[in-house]
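Just the one chain here, laid out as C-alpha cells, in the form predicted on its own.
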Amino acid sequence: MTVATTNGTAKRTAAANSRKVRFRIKRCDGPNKLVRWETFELTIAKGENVISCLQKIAANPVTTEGKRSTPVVWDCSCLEEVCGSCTMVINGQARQSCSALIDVIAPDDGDTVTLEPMSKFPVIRDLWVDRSRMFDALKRVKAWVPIDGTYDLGAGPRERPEEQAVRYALSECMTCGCCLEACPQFELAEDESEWDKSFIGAQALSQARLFNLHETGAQLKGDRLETLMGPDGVSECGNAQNCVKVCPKHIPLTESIAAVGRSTTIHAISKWFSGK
C-alpha cells in the first residue's frame, strides 16, 4: 500500500513538472535550397534547454501533422555559453540555445518556441550557419599578440588592475555572432569576395581594441587602424547600439566602437602631419 501511494505521488509530481511545448523550426536542406517550416510537439521536463529539446526531436523527428521528417541540424560544442557555436534566432532574438531555458522562454503549457538560423550568415543546413566571415574579420584586424622572439625575454610588461579589468571584459567575446545578427549595418555576404565590402562589425572592432590595449599587441596597432579606416571599417557604424543590447557577455561594444573611432582619427591626423 505504501509503495503504491509513493508511486502515485511520484507520477503526479512528474506530471505537474512537465508540459507540452511546440517547436516551430525553419528548415533548409542546404545552401540555395527551398525553405520550409516544420512544427514538433514535445513533453518538456523542468530545467530543459533548447539543445535538449532539439536532441529529442532528432531522436524522433515526427511533426505535429504525423509526418516523419529528418533530424534537425544545428551546431553546438561546449553547452555552457562559452564557444558561441549554438547561436540561433530564438523567438525572434539571437542568442545561445544552450542557455535558453524552456521554463523562461516558454513557461506555459502549449507555448510555442520559434527557432531560425541567423540571417546574416550563409545557411549550411537548418539552424547551422557558416560563421567563417567572423573569423576572417579577426584575421584582417590581426587580432593576436605578435611573437617577439623565441628566446627568454624576461618578465612581461607590468599592467595596472584597471587596465586588466577593461581588457578582461573585451576578451570574453566568443565570436557568437549575436552582435552582427542585430546590426542593421552588417549585411549578409554569401560570397567571400564580398566580405570586405560591407561593415566589418562590432565584434572585430572590439577585438582590435583589445589587442591595441596590450603593450605587446600594440606593435600591430597601426596595421589594425589602417584596416579599420577603410570603407568597411568603423565609419560604417550607424550607432544603432543593437549590438551591446544583445551581447550575451555584456561586452561594452559601443565603448569599443567609440574608442576605435577616436584612435583612427588620431592615426589619420598623425599620418597627415608626418606625410606618411
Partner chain sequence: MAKSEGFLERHHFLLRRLHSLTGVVPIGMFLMVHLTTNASIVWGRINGHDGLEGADAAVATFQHEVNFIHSLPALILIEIFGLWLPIAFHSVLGVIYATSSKPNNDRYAYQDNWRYTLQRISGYVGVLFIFYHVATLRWGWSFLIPGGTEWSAEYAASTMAAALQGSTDGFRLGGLLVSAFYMVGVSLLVFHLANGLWTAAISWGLTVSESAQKRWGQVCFVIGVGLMLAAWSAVLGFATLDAASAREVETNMLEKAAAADGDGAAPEHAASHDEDSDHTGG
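Quick caveat: nothing in here was measured; it's all calculated off a predicted structure. Residue numbers count along the first chain shown, from 1.
One more form of this protein exists, namely the form predicted together with its partner chain; it is left out here, but the text below deals with it.
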Give a yes/no on whether L42 approaches its partner chain to within 4.5 Å in the model of the complex, heavy atoms considered.
-> no
4.5 angstroms heavy atom contact with its partner chain in the model of the complex for A106 = no
So in the model of the complex, does S235 come within 4.5 Å of its partner chain, heavy atom to heavy atom?
-> yes
Partner contact for V35 in the model of the complex: its partner chain, 4.5 angstroms, heavy atom = no
Would you give me the residues of 214 to 251 that have any heavy atom within 4.5 Å of its partner chain in the model of the complex, in order from first to last?
-> M229, G230, P231, S235, E236, G238, N239, A240, Q241, N242, K245, V246
